[in-house]
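Consider the single chain below, provided in structure tokens and representing the form predicted alone.
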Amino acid sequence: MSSKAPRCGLTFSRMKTVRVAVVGAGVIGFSTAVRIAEALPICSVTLLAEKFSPDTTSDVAAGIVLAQEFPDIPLERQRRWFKDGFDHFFAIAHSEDAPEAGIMMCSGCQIFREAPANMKPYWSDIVIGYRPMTDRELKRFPNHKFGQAFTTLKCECSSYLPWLEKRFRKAGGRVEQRRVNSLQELSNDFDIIVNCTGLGSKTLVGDDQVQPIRGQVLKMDAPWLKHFIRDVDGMTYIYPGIHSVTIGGTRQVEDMRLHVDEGDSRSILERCSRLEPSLRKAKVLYQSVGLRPGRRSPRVERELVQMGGRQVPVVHNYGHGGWGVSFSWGTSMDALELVRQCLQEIPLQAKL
């Protein structure tokens, strides 16, 4: 735990604890809660959520660490987000915590039906061994004209989320299972509120930019598969993991169905088997559905919200779409810095 004092012009000896609520128990919520609890001992951090692992959207995520470009975020900021996450997962994968945290190295390829305008994306020097695929390698995928081969990481959120919760509690964090219907109901008990509710932000903070994007995946028993394959359209992918192979998927905008669609399952299996024919011999272990928090770009910012006669600092960190795992550690660092800024501006009477 860091012993560094927050940049707020007061010493710890003169302060009382600043009460921080983090709302949301997915990979964004727990990453943010861990960052705050470990870096700011002055803060008493409570994570509140209605659902926890294994019942979060993050638990359905395939968990491969990849990146896309968000249109409204400076590229250098996105690059920093991605690098923070990659370095974080890389360190865990090479530590004794790797099995418990569910983090592993994963090599494979991303394939394109047409060559992209930018053949060397901003993240190419962050992953390991990035290179264009050779013509010989591409012969395996006759409908694709370009490919990227590299090594990245895979995160099994069903293991990673409990590991993060354990780390959060070790840092003094508290966990409370409850449904939060409005941020106002937290204003009497907390000095700073951090909103990591993903899709819930559509109603919780009235963000009309947030939309559900339904994703369905199958978990396959195919231990012979060791390398990932992803069609860059994001619709078809094969990600070997620690206990099973995740194949997908769907991207159904404004589709709120949480039940498994057998038609989607057949389509997923057919598309993935075209890329990896041996999947036709694999056994389906189980199927899952999640609703990604779709947004044009993630919202990582702070604002002052009038609640119960006073202005309460609210930090937002949500809207990562299907890229929550990849960017969770990076955006949570920005959220931590926003909380630091809030600490500087909280009226002195709240801290003395």
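Each residue number is its position in the shown sequence, starting from 1. Remember, it's a predicted structure, so these values are computed and weren't measured experimentally.
One more form of this protein, predicted together with a small molecule, exists but is not displayed; see below.
Exactly one of the stretches 322 to 330, 279 to 287, 307 to 315, 38 to 46 approaches the small molecule in the predicted bound form with heavy atoms within 4.5 Å, and it is 322 to 330. Checked against the small molecule in the predicted bound form, the candidates 239, 190, 86, 150 yield a single residue with a heavy atom inside 4.5 Å, and that residue is 239. Interface residue among 77, 227, 251, 169 relative to the small molecule in the predicted bound form, by the heavy atom within 4.5 Å criterion: 251. The shortest heavy atom separation between residue 292 and the small molecule in the predicted bound form is within 4.5 Å. Proximity of residue 300 to the small molecule in the predicted bound form: non-hydrogen atoms within 4.5 Å are absent; the residue sits far from the partner.
In the predicted bound form, the small molecule sits within 4.5 Å of a heavy atom belonging to residue 64.
Taking the partner from elsewhere, residue 234 is found to have a heavy atom lying within 4.5 Å of the small molecule in the predicted bound form.
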